[in-house]
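Have a look below at one chain only, the form predicted alone, in C-alpha cells format.
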C-alpha cells in the first residue's frame, strides 16, 4: 500500500507534489467523442487531479492541419500561462512547412518546449528520408521529440523505427510514446536498453498490469515520464496507476516531475 492509497480511492487531488503531464492533447478527434476537449476543460480536470503542468499538442494538427494545431496549442499556452506548454507538431509529408513551423513556434512562443510527430496519423514513417531535416533541426537544439509508437506491426511508428532513429540522432531525447503500446513495451525496452536518449512515457488506454513496476525494474525510473493523453482519454486511471504503483516514492517523483525537469525548462 502506498502513501497515496486513501487519497486516490477517495478521488482527492494529489496536491503535495509537482505533477507534469508530458503527453496530452487538445481539441476534437474525427473518430470519437471527447468531452471537455478545450483548454478550460482540461484545466478543470488538472485541478481535480492535482496536475500542475501539461505539455500538449492539438489533435487536429496531428490529423492533417499542423499549422491549425500549432496555433491552437499557442492559444492554449497563452490562455493558461504556467500551466500549459506546447509540443510543436511536425509532419514528414511536409518537410519544408515543418521546418517553418518549428522556427515560428519556438521563436514566437517561449513555452513551446518539445516537438511531436504522429507517424500513423500523418501516414509518414518516422524514418522516412523527409524526416531528416526535421530531426537535424531538433538535434541541433537538443530538444525532446515525442513520437507515437504502437506495437511491432505499426508500419509507420514501430519501436524498431524509433530506436534506429535514436541511434542516428543521439542528440535528440526521444520519447517513445505509449512505451510502444500495450503489448509492445517489452520489445521496446529490449531495443532501447543501451540507448540512454530514449525515454518511455506511461500514457496508455490499455494498461498492462504492473507496467510501471516493470519499467522501473528494467530501464529504471530515470527514463520514465508521466503522461495521460488528457482529454483524448480520461486521465484519472493514469493517476491511479502511478500513485498506486509498488515503487519507491523517490522513483514516483522522478516519473511525475523530476525527469521532465531534467529536459525541459518550465521556469
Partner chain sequence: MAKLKFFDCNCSVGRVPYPLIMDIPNVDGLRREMETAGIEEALVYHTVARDAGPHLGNKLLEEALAGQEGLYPCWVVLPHHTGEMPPPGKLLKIMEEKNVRAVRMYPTNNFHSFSMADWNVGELLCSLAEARVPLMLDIEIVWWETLQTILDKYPGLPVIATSVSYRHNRFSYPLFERYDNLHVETSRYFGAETVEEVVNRYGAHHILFGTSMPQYTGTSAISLISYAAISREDKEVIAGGTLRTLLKEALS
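Remember, it's a predicted structure, so these values are computed and weren't measured experimentally. Positions refer to the first chain, counted from 1.
The next section is about a form of this same protein that is not shown, the form predicted in complex with the partner chain.
Highlighted residues 71, 93 and 128: none comes within 4.5 Å of the partner chain in the predicted bound form, counting any heavy atom. A heavy atom within 4.5 Å of the partner chain in the predicted bound form is found for one listed residue only; from 186, 79, 132, 197, this is 186.
For residue 216, no non-hydrogen atom is located within 4.5 Å of the partner chain in the predicted bound form, even though that partner is not displayed. Contact annotation: residue 12 falls within 4.5 Å of the partner chain in the predicted bound form, judged by heavy atom distances. Interface residue remark: residue 26 is not counted as part of the site for the partner chain in the predicted bound form, having no heavy atom within 4.5 Å.
At the 4.5 Å threshold, heavy atoms of residue 208 reach the partner chain in the predicted bound form. Heavy atoms closer than or equal to 4.5 Å to the partner chain in the predicted bound form belong, across 44-74, to the residues 45, 48, 49, ordered by sequence position.
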